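First comes one chain, alone, set out as structure tokens in the form predicted alone.
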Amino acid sequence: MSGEEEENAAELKIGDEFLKAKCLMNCEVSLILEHKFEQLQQMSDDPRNQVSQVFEKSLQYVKRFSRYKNPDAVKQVREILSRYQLTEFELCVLGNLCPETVEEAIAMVPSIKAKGRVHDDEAIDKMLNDLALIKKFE
């Protein structure tokens, strides 16, 4: 990204490095950290000796703000959102914030309605309904 161009997430002007990066939703990070925490517990009689305060706080944060807890549900969320040709950034914002209406989704991620994108209101509504079903049956 050139030094003169201002970053703007609404227009997906977030820098080439970030656009190409693999993003994770909070629920995915939670699963990874939970797995690592379990490994650390198995390796030590006293898991507090192995786990830093930063690790603990990070785990608490992602657990608190994860909208999906079940590993199968987490996988389904990524699969559903991936069908809509979203960028990683858009996918993670929608997966983390779980908008309930098309208007909320567009307000949170304005780039999904940008010119040249194939996301009309009906497609966005179907995507949100699919996510709501996963949440309902989790």
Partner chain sequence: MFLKTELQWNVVIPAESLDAKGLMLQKAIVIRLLDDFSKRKATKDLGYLLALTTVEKIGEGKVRQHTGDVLFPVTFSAISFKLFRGEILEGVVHKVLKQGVILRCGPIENVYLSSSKMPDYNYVPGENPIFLNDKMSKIEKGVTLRFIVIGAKWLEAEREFQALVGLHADYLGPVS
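Not measured: the values here are computed from a predicted model. Positions refer to the first chain, counted from 1.
Unshown form predicted together with its partner chain; subsequent notes refer to it.
In the predicted bound form, its partner chain sits beyond 4.5 Å of every heavy atom of residue 84. Though the partner is left out of this view, residue 73 does not reach within 4.5 Å of its partner chain in the predicted bound form, counting heavy atoms only. The closest non-hydrogen atom of residue 24 lies within 4.5 Å of its partner chain in the predicted bound form. Although the partner is absent here, residue 80 is not a contact residue: none of its heavy atoms lies within 4.5 angstroms of its partner chain in the predicted bound form. The three marked residues, 69, 127 and 137, fail to reach its partner chain in the predicted bound form, with no heavy atom of any inside 4.5 Å.
Heavy atoms closer than or equal to 4.5 Å to its partner chain in the predicted bound form belong, across 61 to 85, to the residues 61, 62, 64, 65, 67, ordered by sequence position.
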